[in-house]
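The chain below stands alone and is given in structure tokens; this is the form predicted on its own.
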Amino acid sequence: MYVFQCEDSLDGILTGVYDAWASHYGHKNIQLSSDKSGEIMLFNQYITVIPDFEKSRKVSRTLIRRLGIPFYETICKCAMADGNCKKLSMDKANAIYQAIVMALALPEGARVLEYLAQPCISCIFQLCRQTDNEAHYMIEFIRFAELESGILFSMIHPKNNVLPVVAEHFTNRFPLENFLIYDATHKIAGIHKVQKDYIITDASELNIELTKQYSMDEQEYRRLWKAFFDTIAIEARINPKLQSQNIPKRYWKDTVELA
């Protein structure tokens, strides 16, 4: 078995799909893996895949042209998920590869996503749901703060790489605002300029201290909001368990009133 070890990212996985397909080893003899800590199996031949944007773009264009945008978006959301399908013991990169192979072999390939009895499709469905659920939470709970520069800033700590989904939502929601959403987990940022599309960029060298320099209005609004939150609370009815059900604790660090 030939195992193509790729980076745990959309570009990394799609590059793995390109290299695996171009190898001509036969689909039955190929597996993709995005889990670097996975167990090394005897007699398997491991091939390291170096992410290549051009290869990834070629695969993306093929998927969109042959299978449609909905299929491609599903593959993207699966790749954005954190981890793999533990219940099915399947690597998400391999699930994506198998699904693409099946889809391109069928006359109506996009309908392969309806074949939930197939392990690879079931895995993709589970991981997409995982990504969608967290993206929904982020869109609901995200808080923006106005910096001295007038830019709206927000920091999030998602498990899954949901920033593209969140950035697209707020690009449509706030087309006339300059904003920056910083994903502290993956060290990336979604940047939006007025009446422009958003971009995702590396933010590993972002100066966090600069993001704490709030405008005067922002400081006053934060003070007023905390005072309001504390004032309306009824001490005898404080219910931390119910509170954590409404907004999970791992999101508290990014909220003004609970941080």
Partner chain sequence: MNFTADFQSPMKITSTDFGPASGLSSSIMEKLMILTDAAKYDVACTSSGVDRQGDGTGIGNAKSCGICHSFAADGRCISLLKILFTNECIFNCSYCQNNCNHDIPRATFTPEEICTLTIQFYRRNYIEGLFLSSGIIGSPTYTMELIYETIYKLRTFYRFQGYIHVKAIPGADPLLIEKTGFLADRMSINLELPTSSALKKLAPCKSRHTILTPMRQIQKGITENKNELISLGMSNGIVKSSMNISKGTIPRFVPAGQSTQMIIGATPENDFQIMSVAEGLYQKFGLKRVFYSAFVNVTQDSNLPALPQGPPLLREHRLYQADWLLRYYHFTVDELLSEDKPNFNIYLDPKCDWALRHLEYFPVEISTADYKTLLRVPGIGAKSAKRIVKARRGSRLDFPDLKKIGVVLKRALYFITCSGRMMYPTKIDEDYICRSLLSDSSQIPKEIREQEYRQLSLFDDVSFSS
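Between two forms, the rigid core is defined as the largest C-alpha subset superposing within 1.5 Å. Positions refer to the first chain, counted from 1. None of the values given here were measured: they were computed from a predicted structure.
Beyond the structure shown, there is the form predicted together with the partner chain, which is absent from this document and is the topic of what follows.
- Using a 4.5 Å cutoff between non-hydrogen atoms, T185 does not count as a contact of the partner chain in the predicted complex.
- By the criterion of a heavy atom within 4.5 Å, L42 is excluded from the residues contacting the partner chain in the predicted complex.
- In the predicted complex, no heavy atom of L88 sits within 4.5 Å of the partner chain.
- At least one heavy atom of F229 is located within 4.5 Å of the partner chain in the predicted complex.
- For the three residues S122, R143 and I238, a heavy atom within 4.5 Å of the partner chain turns up in the predicted complex in every case.
- Only one of the listed residues (D197, D217, D202, E54) places a non-hydrogen atom within 4.5 angstroms of the partner chain in the predicted complex, and that residue is D217.
- Stretch-level contact analysis of 60-68, 46-54, 28-36, 217-225 against the partner chain in the predicted complex, using heavy atoms and a 4.5 Å limit, identifies 217-225.
- Contact residues in stretch 153-175 (any heavy atom within 4.5 Å of the partner chain, taken in the predicted complex) are H169, F170, N172, R173, F174, P175.
- In a rigid-core overlay of the protein, F229 has its C-alpha displaced by at least 2 Å between the shown form and the other one.
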